[in-house]
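Here you get one chain, nothing else, as structure tokens; it is the form predicted alone.
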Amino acid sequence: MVSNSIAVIAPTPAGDRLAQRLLDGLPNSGLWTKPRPDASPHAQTYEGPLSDLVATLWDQQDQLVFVLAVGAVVRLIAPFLTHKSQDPGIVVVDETGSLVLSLCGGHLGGADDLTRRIAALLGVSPVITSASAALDLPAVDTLGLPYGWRRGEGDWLAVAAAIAHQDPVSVTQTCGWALWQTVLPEGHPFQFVPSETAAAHLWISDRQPPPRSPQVCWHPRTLWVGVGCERGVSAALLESSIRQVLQSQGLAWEAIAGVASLDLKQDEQGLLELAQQWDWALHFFPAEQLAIQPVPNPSTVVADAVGTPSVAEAAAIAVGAVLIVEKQVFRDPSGACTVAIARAAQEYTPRPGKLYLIGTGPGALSQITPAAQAALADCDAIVGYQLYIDLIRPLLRPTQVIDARPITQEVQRAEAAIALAQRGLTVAVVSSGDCGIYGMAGLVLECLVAQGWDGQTPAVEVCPGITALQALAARVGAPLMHDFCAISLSDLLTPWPVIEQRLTAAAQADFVVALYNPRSRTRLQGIQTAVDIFRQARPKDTPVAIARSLYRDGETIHLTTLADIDVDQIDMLTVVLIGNQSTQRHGDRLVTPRGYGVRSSDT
């Protein structure tokens, strides 16, 4: 998902207060409200009719969020609506925060995605009425956006209607990522065997489609244009030349990824203007690098002039693509240029990609933070251990890519998530508890650094969660009121002598201690050793809490003492909390005094 500019409009005091809850969770957002003494200090205020503000913001913002009655919003925006491909996305939130509605611009305007994010922040269900959402299908008019594809010509309304009616839709895909196909539900209307008799056609290719109706086109950006030119050549000549070459070969203009040329052309004004106009990537190579590229049409004249026998063909190949159209020469009064075309195996995307490292808490959906839920709603793909994904399944959309792997494949999960983000997707890596406490956050960052990550792309955001020791502490009272620590008894990554040293130090230092990963089918002795260490350092009546499957089905909590711990009750789904010398048990509660000197009622 791409972050857009968002205007949150909240005219009333109640709406203003609700809107302030949303701003932190909506990047690139601003708040507009009426001037009043209690208005948010972060808000921009407006005088006059609200319709005047809407007129000002309509063409400036990608999305508008109204904290207002739906009927009032309908009347406000009606005069400004033109076409769904141009209008901003409109979301309505009622002043109580109990309803979030995608009103219009659901697909192209991004209102559906924004509605899901706001609903997650408020802890309510989104109201989305688009046909594709009801069918658990990706919307055809936004299908290629996560992959950086560009829309071509087509009858989008007719094809969308065929999909909504579950009529057969023939799909031809000659290039581009096929990941979108993995989320299609059973019984979907798409047919991947060519059919001229289908009700509609979806064309995904860097080539132009055959004439069919109704049909829509998505063009993965796989084509790289190699350009050589005389100094001062016009952008008009460059554009007309490239269009002529593409048209003669049946290739799509929308499939152009970028332009490649000699580094001497980095300041060539016509080339820069054209690339900026069409949002093309630019690659410039030194003559030495171009000179070593094998090309079909080298020129000694060019070599004498710029130090390489080829510019257009060599530059197109140098980006890592395969030459498919040899150079052609074009002239007009502004000068001359050469154009060659190469095709890359993987499409180019301008999207930078993002990784959310999310802690989903102990298990219950109610224990996941609103920020984490909003991040999940923002994602194209979710990566995690199968059990943890199953626990959050009600929060996920059928159109999100799910990569669930076994518990022993942590490195593979991290690398898979990074690979998805590097191709421009917004990806969540989920861990139970807190992702930064025995979770996946550290491993993902380690893998990024090992791959030469620049700290910027892909972007990384860590969303904390309630970890097991916090969940257990909440269930049994307040045992963490004084200094505490957590120790994992798993020796898969840490040598047992080091773990034993830490256990001894923590026991002697009188920390309240949480033991993670205490026992598995193959690690039976570690927990007994840990208990013995604490029995040597602390009174035998020290309170202990043993909890299993916290906030999940089958939750059990057992309060005991160091002397009476039964290690056979403990497994990998268990966390053990050992009190310090001042921890006290009061019925089914544990309290570790902070030391405020509270006097009992009988003094």
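In case it trips you up, residue 1 is the first one in the sequence shown, and so on. Treat the numbers as computed from the prediction; the structure is a model and nothing was measured.
As for the form predicted in complex with a small molecule, it is not shown, yet the points below apply to it.
Just one of Ser170, Asn517, Ser132, Gln208 comes within 4.5 Å of the small molecule in the predicted complex, counting any heavy atom, and that one is Asn517. Of the candidates Trp496, Phe330, Trp453, Tyr438, Tyr438 is the one whose heavy atoms come within 4.5 Å of the small molecule in the predicted complex; the others do not. Listed stretches are 545 to 553, 37 to 45, 62 to 70, 22 to 30; the contact stretch with the small molecule in the predicted complex is 545 to 553, by a heavy atom cutoff of 4.5 Å. Using a 4.5 angstroms limit between non-hydrogen atoms, Gly228 is distant from the small molecule in the predicted complex. Residue contact with the small molecule in the predicted complex: Ile382 places no heavy atom within 4.5 Å of it. Residue contact with the small molecule in the predicted complex: Leu559 places no heavy atom within 4.5 Å of it. Although the partner is absent here, Pro220 lies well away from the small molecule in the predicted complex, with no heavy atom inside 4.5 Å.
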